[in-house]
Ligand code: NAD
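First, one chain by itself: the form predicted alone, in structure tokens.
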Amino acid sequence: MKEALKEKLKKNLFINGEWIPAEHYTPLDSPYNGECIAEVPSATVEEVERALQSAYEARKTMGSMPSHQRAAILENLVRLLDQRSEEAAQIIAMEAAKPLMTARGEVARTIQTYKFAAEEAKRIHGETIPVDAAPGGEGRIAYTVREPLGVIGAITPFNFPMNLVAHKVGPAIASGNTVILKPAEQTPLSAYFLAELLQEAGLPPGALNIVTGNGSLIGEKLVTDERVQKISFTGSPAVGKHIRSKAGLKRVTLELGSNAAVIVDKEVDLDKIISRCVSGAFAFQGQVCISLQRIYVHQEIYTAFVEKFVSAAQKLVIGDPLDSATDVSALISFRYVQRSLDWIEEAKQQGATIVMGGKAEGNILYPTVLLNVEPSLKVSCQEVFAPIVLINKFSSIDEAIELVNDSRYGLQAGIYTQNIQTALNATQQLHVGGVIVNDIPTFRLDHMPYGGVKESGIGREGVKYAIEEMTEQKLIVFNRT
């Protein structure tokens, strides 16, 4: 795969169905070993303008395309991606340092996401309105239809460079919109790979345009340009707030930060849940929006949980992301390693106990387990986005729920319990976008509604729900008299 990438070392912008040489290029280095793996375009404002105009002009073609044709294009994409799934996984592992087995899982999910998009393309419909239910409605027929917004600006992060792109591009195509995609600076190769496949799948020119480079320059242009009708952004709360302040009357979907937590009640069989909790905490080095960052365990089983968790975590294989045996590899950049080490040191100075990890080697931060962490410390109240998890004890479920809710974020939370009343109470009282009962908060399927409250963002993804936010409802009324 490395040789295959070298053959395509220089990528170009994808605009109006063509590969356009850029004015400027920048090297793309592997997070794992620092080797240059590609040269990618760094788009200028003029090049972004060209992509925007292309998307704007193509909106009529996509908007008038029958739903079965949009579905067929997505079905073709599914077939092509399935045929080249190993190549896709290798690209993700190379550019993001995502362990290969985890990358293969992302590709499988990406295929499912586009399958759902193809299916949902055929299910976009309105409803009839019983207008004669109100005086004055006699002799009239009313119904609604859903129409595409037009141009969707999609800004995506590095951590799921194929599937989080799919959650924006798939629904946009399914609903007849066009897209200008700005992928993360570290993971553009996955996006360009998608463009190759969609070109082969029959997507009309201009329906997808990809511009890479400086996030603030490109993002500012997309957010403020009146031709863009919606921004779909996944990233940091700071950038999300800036987007919302600049977007005016544009629609926005913002999937932002999280410090997801799980509650473990006292009757739970620990042997059944430990592997899930370890996976939730350390999969892809904790660089997952709903990575398990905080674990609250009932005091009666706390010691046993910690012992079993640490024992299982110590078996994780650390190394090269292109090795199928690897569980944990490098963080996306060294600055995140340094930030993590600073936060760990802060926790240690404030009385937390490091029972595992707490050290780094190059861009690899070793899986770290902290005990007795004060809620005000950064490793608890902010998003670590690293292989760090804290395990604290509680004495009552009410206390545990308060600890989970004591956060500026609210994406998803989990609770393990054998008590149905406890579970039902938790689903009502946890202030998050999704509550997962008897599983970790890291659980997600790609057709479920997904999004948060508080500083975790606004709007929902999940193909059907994204389509609703990428379409406008129009009312039609016929007077038959």
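Keep in mind that what you see is a predicted model, and the values were worked out from it rather than measured. Residue indices: 1-based, along the sequence shown.
Beyond what is shown, the protein has a form predicted in complex with this ligand; the following relates to that form.
- Taken together, the three residues Asn159, Val239 and Gly257 all lie with some non-hydrogen atom within 4.5 angstroms of this ligand in the model of the complex.
- In plain terms, the part of the chain that comes close to this ligand in the model of the complex, with a heavy atom within 4.5 Å, is 211 to 219 out of 356 to 364, 211 to 219, 108 to 116, 318 to 326.
- Taking Glu345, Glu300, Glu196, Glu185 one by one, only a single residue has any non-hydrogen atom within 4.5 Å of this ligand in the model of the complex, and it is Glu185.
- Of the listed positions (Ile155, Val369, Val373, Ala400), a single one reaches within 4.5 angstroms of this ligand by any non-hydrogen atom in the model of the complex, namely Ile155.
- Interface membership of Thr234, defined by any non-hydrogen atom within 4.5 Å of this ligand in the model of the complex, is confirmed.
- Though the partner is left out of this view, Glu120 does not reach within 4.5 Å of this ligand in the model of the complex, counting heavy atoms only.
- Put simply, Phe309 is far from this ligand in the model of the complex: not one heavy atom of it is within 4.5 Å.
- Of the heavy atoms in Ile91, none are within 4.5 Å of this ligand in the model of the complex.
- Contacts between 274 to 312 and this ligand, taken as any heavy atom within 4.5 Å in the model of the complex, involve only Cys289.
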